[in-house]
Structures are given as structure tokens and as C-alpha cells.
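So this first bit is one chain, no partners, the form predicted on its own, shown in C-alpha cells.
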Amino acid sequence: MGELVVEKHTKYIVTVEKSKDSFESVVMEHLRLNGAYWGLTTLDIMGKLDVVDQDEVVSWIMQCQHESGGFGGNIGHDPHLLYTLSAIQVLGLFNKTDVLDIDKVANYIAGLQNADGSFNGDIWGEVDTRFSYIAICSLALLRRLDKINVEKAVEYIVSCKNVDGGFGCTPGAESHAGQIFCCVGALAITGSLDRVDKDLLGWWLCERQLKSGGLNGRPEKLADVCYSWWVLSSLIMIDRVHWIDKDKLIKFILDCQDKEKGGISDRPDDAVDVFHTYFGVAGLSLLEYPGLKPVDPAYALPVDVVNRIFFSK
């Protein structure tokens, strides 16, 4: 078994966060808040969050907020649920959610729920079960789930369930591991996991493991490190994680590291990025790799952060 090169990954993430003119920074310009969440959460899981200037990060995040209460992916960008959740999660990491006008943010999120229980991602009206998860997760972290019709939100998610046990982005759309995480995560947070056929879904999910040990997102696709999170967390939430070979998956993730410069790629020998670095390290945490903080599979944050949010006064 290889070894997680923690110091190299720490240096890589700090370099990406500080660099403004590298290729990776330019292509991530519009979703920099997501990138901050991936990078900073990785650092926290590895016990290295103290290498960043928290006040600087918090100040930048608050500059991404709009009058509506929602957050854009960067300063001057339009608000969207995707970036609003990342803002809440990063502020949670730093124990700084008190800088938010919580009701203002919660009202922005609640205002995107439709009559059928689904959610739009922003004012332009795209509907997707990702946004159902994001809204439910965000409001739960803000302790404002009562702002939405939870029952209708759950019914909409259940309407996206397929005959194979999986879930799609809208009713009738094909099952996909990323959407399954969103739907199972939202059902877990709302206490509705009884609406999942755990054996049927568990079978579909464990079938995602390939000979390499890696996981794919749909049948006939290549293995990809990011599914080490989407598939694994879903299996944990439905208590079927023992249906895959954990050791082979650990080896696959470690083989995707750039051991010289840091960072993790989608599969061995590809270019690294902060997205796959996060999902690789978070996946290793779910696999109980030594030296990493445990991560909550539903909230996608370290367990100690989630406990602090819910159990502090």
C-alpha cells in the first residue's frame, strides 16, 4: 500500500489558492468559492487548516455575497445555490457562521423552492436534485430547515427514483452516482432514508467498482477518483459499504497522487486538480485511512465541524 503525501498535498493546495494566473486558477475563476471549499476542507481533513489566513478567506467570501443573501462563485459573479453552500461550509470550517445574516441567507434559499418541492439553482430556473440536496444541506447547517416545505422536497426527490434503485437529476433521468449522493444525502439529513431501497441501490453502487479498484459513476464508464466520494458516502449512509473492496479502492486513490508536486488526479498519471484532490482525500477519510479526520458522509464536512455546528449553544 502506498502512502498519502500530506505535506506535498498541503503545499499544492496553498499554491493553487494563492495563484491567480495559473491555468487552473483561470479556468476556476467562476467557481472559486467551490474551489476554496474543496481545498480548505482537504486541509482540515489532513489537520493542516492552520496554514491559511482565516480572516483573509472570510473577508473574501463575504465579498461574494449579494443583496439577495445568496453567494456568487467569485466577487462580482451571480448568486447560485452551488456557491451559497460552499460559503456556508467554509465559514463552518472556520467556526465563523456568525458573520452571516442567517435569516437573509435562509430566505434566499427557501425562495428557490418550487410548488412541486423541487429547487431552482438560481433565478434562471434550472431544476436538478443537486439543488434539492444543496438547499436542504445549507438550511440544516444554518438550522433553518423549517423555512421550506421539507415533506414536498422529500416527495420530489423520491419521484426521481428509478427501477434500478438509483436516482437521476429529474424524474425519469438516468441513475448517476453524483445524483444518488445528492438524493441519499438529502434523505439522510431529513430523516427519510426509509424511502430508499437499500439493497437494490447498494447493489447498483457496489457494481461501480472496477478491476482497478476505482469506482465509476455509471455503467461502462472509466473509474474516477471523485466517485470515491459520491459512491462511498452513499454506501455508508445506506449501510452497505462492506459490499466493496476497500483496500483496492485505497490503492487506486493513492495511485492517482502526484507524489512529487502534490495533488490527486481523476485516474493514475492524469493532471491533478483541487477537485479530485478533495474527493480523493475525503474518500480516504471515509475508508478510515490513518491520520485523517473523519468526515460526515451526508454533510461533506469533518465530523468535528458538524458536531460543533449542531451541538454548540
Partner chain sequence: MSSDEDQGTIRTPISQRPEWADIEPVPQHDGPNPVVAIAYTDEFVETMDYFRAIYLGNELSTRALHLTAEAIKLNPGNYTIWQFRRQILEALGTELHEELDFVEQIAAASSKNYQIWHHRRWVADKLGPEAVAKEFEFTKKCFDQDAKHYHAWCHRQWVLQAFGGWENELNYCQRLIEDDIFNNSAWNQRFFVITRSPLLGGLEAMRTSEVSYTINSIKAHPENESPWRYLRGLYKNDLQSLATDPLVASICLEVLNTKSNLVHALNMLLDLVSHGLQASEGLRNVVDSLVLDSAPSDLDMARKISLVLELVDPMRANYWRWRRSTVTAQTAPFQNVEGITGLTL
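Positions refer to the first chain, counted from 1. Bear in mind that the values here come from a model prediction, so they are computed numbers and not experimental data.
Just so it is clear, the following notes concern the form predicted in complex with its partner chain, a form of the same protein that is not shown.
Its partner chain is not drawn, but in the model of the complex it has no heavy atom within 4.5 Å of I45. Proximity of L286 to its partner chain in the model of the complex: non-hydrogen atoms within 4.5 Å are absent; the residue sits far from the partner. Within 4.5 Å of some heavy atom of its partner chain in the model of the complex lies at least one heavy atom of G73.
Although the partner is absent here, D199 sits close enough that one of its heavy atoms falls within 4.5 Å of its partner chain in the model of the complex. For the marked spot (L93, R143 and G291), a heavy atom within 4.5 Å of its partner chain in the model of the complex is absent from each of the three residues. When you look in the model of the complex, the only residue of S132, Q179, S228, S86 with a non-hydrogen atom within 4.5 Å of its partner chain is Q179.
For the options A173, I102, I236, L193, the residue carrying a heavy atom within 4.5 angstroms of its partner chain in the model of the complex is A173.
The stretch from 73-81, 94-102, 110-118, 185-193 that comes within 4.5 Å of its partner chain in the model of the complex, counting heavy atoms only, is 73-81.
Contacts between stretch 102-140 and its partner chain, counted in the model of the complex as any heavy atom lying within 4.5 Å, involve D122, W124, G125, E126, D128, R130, listed in sequence order.
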